[in-house]
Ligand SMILES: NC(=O)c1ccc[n+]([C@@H]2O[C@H](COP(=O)([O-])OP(=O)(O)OC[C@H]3O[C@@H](n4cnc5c(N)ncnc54)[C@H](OP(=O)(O)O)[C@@H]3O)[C@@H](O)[C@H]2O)c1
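Shown here is one chain on its own, the form predicted alone, set out as structure tokens.
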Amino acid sequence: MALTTALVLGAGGGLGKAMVQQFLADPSISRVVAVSRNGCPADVADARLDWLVSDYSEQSMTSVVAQLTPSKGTVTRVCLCHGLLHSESVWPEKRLEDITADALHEVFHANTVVPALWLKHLHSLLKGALPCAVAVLSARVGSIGDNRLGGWYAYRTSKSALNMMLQTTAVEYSRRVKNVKLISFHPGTTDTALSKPFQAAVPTDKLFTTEFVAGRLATIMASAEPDGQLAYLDWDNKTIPW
């Protein structure tokens, strides 16, 4: 069996940790590499797991990719779990008057810029003979065609921008990294810190555990076929309108 590597970027969040565990449970994956700001949690340990630290600056990303050079051509799974909806200084806007330049910059950097930079630096690492599925956490609210409620200006537009960035990357990857399938993934409302303030309005059967979503995403990635196209999918493997 060929040596295979799974890479989880933004592994410190709830879904990121669940993806690490999901990949570790997959016997077809030889090695799992996780990247986060704070390093490996105390409750996660496995002989096949390497945990790297990054502050997500471009210099730090370059260092991480350099450390992964020995894995070139073996990477078959990449999950980018970066995302920001709210923080101590940012809250989803309900009306135009709530928009601020600082919040737009902060949310766009986390949701659009950081994934773009990872894909910029990873392409040479991913190129190889083995099919590789690359999933990036997007959101249904990033769909222009599906937007009926408005609001959440920074988050919505950053996810729409992310989708365009991924589509543009898919065009170039189709020429330069033909073994990669890019997936823009909507996890649904998942029980993580990102959704915590908004869970009261979510029906119980629509609030998913991280383990459930990680399992769904892993299944989607396992069946993905490189075709030079970007897929915009939800947790149920259904296509979302752009």
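Each residue number is its position in the shown sequence, starting from 1. If you're wondering where the values come from, they're calculated on a predicted model, not measured in any experiment.
Heads up, the form predicted together with the named molecule isn't pictured, but that's what we're talking about next.
Of the candidate stretches 64 to 72, 183 to 191, 42 to 50, 170 to 178, only 183 to 191 has residues with heavy atoms within 4.5 Å of the named molecule in the predicted complex.
Judged against the named molecule in the predicted complex with a 4.5 angstroms heavy atom cut-off, the residues 78, 123 and 166 are out of contact without exception.
Using a 4.5 angstroms limit between non-hydrogen atoms, residue 19 is distant from the named molecule in the predicted complex. Residue 14 belongs to the set of residues with a heavy atom inside 4.5 Å of the named molecule in the predicted complex.
Mapping the unseen interface onto this chain, residue 82 counts among the residues with a heavy atom inside 4.5 Å of the named molecule in the predicted complex. The named molecule is not shown here, but in the predicted complex it comes within 4.5 Å of a heavy atom of residue 56.
Of the residues given (110, 119, 133, 154), 110 alone sits with a heavy atom within 4.5 Å of the named molecule in the predicted complex. In the predicted complex, 137 is the single residue of 117 to 137 with at least one heavy atom within 4.5 Å of the named molecule.
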